[in-house]
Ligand code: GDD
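Before any questions on binding or motion, here is one chain by itself as structure tokens, the form predicted alone.
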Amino acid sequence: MKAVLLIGGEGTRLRPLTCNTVKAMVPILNRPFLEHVIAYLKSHGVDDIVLALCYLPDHVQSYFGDGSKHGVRLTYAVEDSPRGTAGAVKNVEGYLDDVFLVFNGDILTDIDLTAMMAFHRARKANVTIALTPVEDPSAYGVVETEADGRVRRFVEKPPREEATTNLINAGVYILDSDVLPHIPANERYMFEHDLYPKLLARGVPVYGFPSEGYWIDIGTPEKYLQLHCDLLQGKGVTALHSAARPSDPASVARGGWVHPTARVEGPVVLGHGCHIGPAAYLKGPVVLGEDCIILEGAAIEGSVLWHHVRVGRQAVLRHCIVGDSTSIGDGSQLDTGSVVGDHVVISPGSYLAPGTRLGDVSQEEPTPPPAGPPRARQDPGGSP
């Protein structure tokens, strides 16, 4: 079976992390997001993959090449302008035949694709949509189905008290090639709002495949950080990362060094060449990319740092994300939800309030620290 991965978006919700990095290449546990997805597809026997690209395609092509190093065959289809989810698939129609899989490029899941394909064939469906339950369906479009799974209708963002189901479109589809003529060529066209309602109106068999598997949309910094926490705390898995235990210690890659007086409470992942200085404190879940330098007395909790990040003495980072090659000055504080892009220099003593974003055209400036001494550390073994 072939698969089409829709990875052409600019990742605007993830900015500033995606100002210089295509969304498919943002690191998950220090490996590109797309690498996890490809490994997942391969584990279900999908090894012929078409990548529908638009924004920064060279970033993907230069890393993955023809796919042979990852055990798959990759075909690249670069759009001259965004064509929507269904339009992107129509654009690669010439590469497709029989039955194929479509995968939205900002979700990570372990839905059983093998079982989903068996369901699709047993129902003689033209389209099968993976469905996942959510606690509050009012933020999504829900999918109502009959007892046998046939889709009855789509309801966009129903009030919570009026929702008849909590199953939403998971962004994973199995399609027969005979639905492709229903998609107009060279137009922006969406599966969710255009194609699927059209197919239902014409009586085409569209089914929903419910799954209790892990599922997350990484399209926002909050969800991106949550994914790392889930993986490191054993709440989710990928084909490249097995389930962890909350008590798992630090994983230190080759070339890493941790000072004997530093305190590291797992789960923590330290990339190649990381340097953790004296009296530093890391409280997991924490992920540091390659060649990060954490200086004396710095404290990091529940955060993800990309590659080549320098954290100054007595700096405090709580539940934040920091992009490549950024320098955080001595005594600075990055509060919950702060997101810092690539190549940013944060001056000593700066304070980033909760939710601050730095590093793109809409960036905010650091504010003065709150009154009173910085809450860097209480003692060499204390918490941040």
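For clarity, a rigid core is taken as the largest C-alpha set superposing within 1.5 Å between two forms. The first residue of the shown sequence is 1; numbering continues from there. These numbers come from a predicted model, not from an experiment.
This next part talks about the form predicted in complex with this ligand, which is not shown.
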{"query": "Heavy atom within 4.5 Å of this ligand in the predicted bound form - the one residue of E192, E296, D230, D112 that qualifies", "finding": "E192"}
{"query": "Contact assignment for this ligand in the predicted bound form, among Y173, Y207, Y281, W306, heavy atom within 4.5 Å", "finding": "Y173"}
{"query": "4.5 angstroms heavy atom contact with this ligand in the predicted bound form for Y214", "finding": "no"}
{"query": "4.5 Å heavy atom contact, N166 and this ligand in the predicted bound form", "finding": "no"}
{"query": "Contact flag, I107 vs this ligand in the predicted bound form, heavy atom cut 4.5 Å", "finding": "yes"}
{"query": "Any non-hydrogen atom of E161 within 4.5 angstroms of this ligand in the predicted bound form", "finding": "no"}
{"query": "Which of 82-90, 272-280, 174-182, 199-207 lines the interface with this ligand in the predicted bound form (heavy atom within 4.5 Å)", "finding": "82-90"}
{"query": "Those residues of 320-342 which, in the predicted bound form, come within 4.5 Å of this ligand by heavy atom", "finding": "none"}
{"query": "Displaced residue check between the shown form and the other one: Y140, CA, 2 Å or over, core reference", "finding": "yes"}
